[in-house]
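Before any questions on binding or motion, here is one chain by itself as structure tokens, the form predicted on its own.
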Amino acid sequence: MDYTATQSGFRQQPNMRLRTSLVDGSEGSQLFEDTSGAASGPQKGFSNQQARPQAEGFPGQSILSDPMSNLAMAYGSSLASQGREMVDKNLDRFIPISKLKYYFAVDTVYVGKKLGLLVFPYMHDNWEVSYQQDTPVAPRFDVNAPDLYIPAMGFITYILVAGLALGTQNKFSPELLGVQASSALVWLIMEVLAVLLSLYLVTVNTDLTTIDLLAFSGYKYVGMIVGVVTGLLFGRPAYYLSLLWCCVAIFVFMIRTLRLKLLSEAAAEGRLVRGARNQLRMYLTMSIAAAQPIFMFWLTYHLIR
């Protein structure tokens, strides 16, 4: 440290301190920040973060490699498969789901012939279902085979036509249309259950299934649609005439179809029916056929004004 003499005495000269501060300031606070080192730092950190999971492995790897976890997963899958088989077996006792594909195996030719048979069954001679190796052929190969396509489409079309008829009367509403659909479905289910109960009480040995009865009971929607559409186009008298024709047609169709399923072989061939059991079967067949016109009138008469 230098001391120089002045007139006012001795004064300290901070030359070294000023030089030191300039040097420290140039190193501590620069005019432009150097970002080259800062950019390389995060890149190195990011590369380290990427390399760390590859070296350590994902967390589920230790779980999958655990023998107890593999055993638990295998046991759970076996329980799920057993539960699915149990549900399918119990459900198949009431509704054979595996056979539904058979009832929807139809084509355009079959649908046209079946609709003609439902409206005009008087000229049809052979009503027996064809078999191939003790198995009934698909409906598209035999017009006498029952199907679910026409009943399902008939039910949906009936609901749409009912909505149209209610609209012409200024009574249409979603709630009323829902009541119409639910009532038709409830009557159909009650009809099938009543037939099943009757078959059980009469002890009829037949190959009719629940789906067969559902199909035969659903064929009446074709005549109902014809009657309602005719009534909307030409008035109430045309409704009665067309509905009467379709009622007679469905009655004849059900008699000629169900007699091969419910009556004995002698009755199916047209010979005289004898015996109390055969009499009960004949009455049951006629009752099922006679119920179709009643439901057809009950579900359509209020749609025509």
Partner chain sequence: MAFTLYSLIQAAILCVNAVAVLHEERFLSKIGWGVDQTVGGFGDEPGIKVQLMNLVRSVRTVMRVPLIAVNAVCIVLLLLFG
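From a predicted model like this one, the values you see are computed outputs, not experimental measurements. Residue numbers count along the first chain shown, from 1.
If you look for the form predicted in complex with the partner chain, you will not find it shown, but the lines that follow are about it.
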- Message: Tell me which stretch of 159-167, 226-234, 102-110, 189-197 has a heavy atom within 4.5 angstroms of the partner chain in the predicted complex.
- Response: 189-197
- Message: If we define contact as a non-hydrogen atom of the residue within 4.5 angstroms of the partner, is L185 a contact of the partner chain in the predicted complex?
- Response: yes
- Flag A238 as yes or no: does it have a non-hydrogen atom within 4.5 angstroms of any non-hydrogen atom of the partner chain in the predicted complex? no
- Query: Heavy atom to heavy atom, is M86 within 4.5 Å of the partner chain in the predicted complex?
  - Reply: no
- Check whether Q132 has any heavy atom within 4.5 Å of a heavy atom of the partner chain in the predicted complex, and answer yes or no. no
- Checking V252, L260, L280, L244 against the partner chain in the predicted complex, the residue with a non-hydrogen atom inside 4.5 angstroms turns out to be L280
- What is the one choice in S173, Q82, N126, T203 with a heavy atom within 4.5 Å of the partner chain in the predicted complex? T203
- Task: For the heavy atom contacts within 4.5 Å of the partner chain in the predicted complex, list the residues of 285-305 involved, in sequence order.
- Result: W298, L299, H302
